[in-house]
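First, one chain by itself in structure tokens, the form predicted on its own.
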């Protein structure tokens, strides 16, 4: 098999082992594109690993696209171990598309440091318990339904995940900003480039969870800070 030497291969026992946070971390480290190539559906030695990989890569693509990364930098393809020519075609086509897009940051409308900072926020969101739970239930809810027997279409599942992605990225963005110090809702909205009512919604949700507290009031404008958690006893 012959393909460009720009490509770096990482072999895995199963593509289902790829975690969405790994994709984000690769871009933080400077990768220009990530493609996962798995076996065909129905041919997975681990039964559902390739189905899981498709969902995980789709989730990573959506989250990273939301924070400003060109979503075409993430791809999921399939071929068997006997389809060498097909593998080379996938690699060559993806490589050519990345060359056309350009190095990381060139096609995005953000300075590279800011882009990587946002990708880091997406990484934190992708690691959240809520996203991991829905990601893990994606195929089950389609095929078997939830505990009430309700089945969901793929479109419905992606729509649910998209909503959670937006919420988790905003939440982790606010937490990251508050680690720098107390801030008002207006300041948070400006830094994260979201609407003030949305920023207020997330701040109040974090306050109800005990993660954020009132830091003070300047005139009529309250500011908020992270709530320090007591250290666990050894």
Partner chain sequence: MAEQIRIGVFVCNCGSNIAGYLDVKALAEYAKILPHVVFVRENLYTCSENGINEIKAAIKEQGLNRVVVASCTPRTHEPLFRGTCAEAGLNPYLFEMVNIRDQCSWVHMQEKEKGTTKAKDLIRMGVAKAALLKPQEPIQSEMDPRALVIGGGIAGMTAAMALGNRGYEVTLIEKSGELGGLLLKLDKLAPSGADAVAVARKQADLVRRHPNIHLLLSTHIDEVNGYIGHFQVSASTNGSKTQFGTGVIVVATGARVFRPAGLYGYDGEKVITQLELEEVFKSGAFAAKNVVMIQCVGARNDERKYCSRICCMVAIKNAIEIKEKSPETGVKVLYRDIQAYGTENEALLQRAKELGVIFIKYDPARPPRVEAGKVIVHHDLLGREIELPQDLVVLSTPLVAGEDNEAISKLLRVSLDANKFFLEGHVKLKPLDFATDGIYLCGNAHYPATVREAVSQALGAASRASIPLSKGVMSVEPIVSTLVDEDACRGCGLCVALCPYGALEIVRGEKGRKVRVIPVACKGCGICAATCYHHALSVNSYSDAQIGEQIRAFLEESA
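On a predicted model such as this, the values are computed, not experimentally measured, just so you know. Residue numbers count along the first chain shown, from 1.
In what follows, reference is made to the form predicted together with its partner chain, a form of this protein that is not presented.
A.B. asks: Which residue, 183, 37, 67, 26, is the contact with its partner chain in the predicted bound form, using a 4.5 Å heavy atom cutoff?
C.D. replies: The option sitting close enough to the partner is 26.
A.B. asks: Does at least one non-hydrogen atom of residue 17 fall within 4.5 angstroms of its partner chain in the predicted bound form?
C.D. replies: Yes - in the predicted bound form, heavy atoms of residue 17 and its partner chain come within 4.5 Å of each other.
A.B. asks: Indicate whether its partner chain has at least one heavy atom within 4.5 Å of a heavy atom of residue 136 in the predicted bound form.
C.D. replies: Within the cut-off, so yes.
A.B. asks: Can you tell me if residue 207 lies within 4.5 angstroms of its partner chain in the predicted bound form, counting non-hydrogen atoms only?
C.D. replies: Contact check for residue 207: no, nothing within 4.5 Å of its partner chain in the predicted bound form.
A.B. asks: Taking any heavy atom pair closer than or equal to 4.5 Å as contact, tell me whether residue 223 reaches its partner chain in the predicted bound form.
C.D. replies: Taking the distances in the predicted bound form, the answer for residue 223 is no, it never comes within 4.5 Å of its partner chain.
A.B. asks: Just one of 27-35, 168-176, 199-207, 186-194 has residues with a heavy atom within 4.5 Å of its partner chain in the predicted bound form, so point it out.
C.D. replies: Heavy-atom contact with the partner occurs in 27-35.
A.B. asks: Looking at its partner chain in the predicted bound form, which residues in 44-72 have at least one heavy atom within 4.5 Å of it?
C.D. replies: The stretch 44-72, when checked against its partner chain in the predicted bound form, contributes 45, 46, 47, 48, 49, 52, 56 at the 4.5 Å heavy-atom cut-off.
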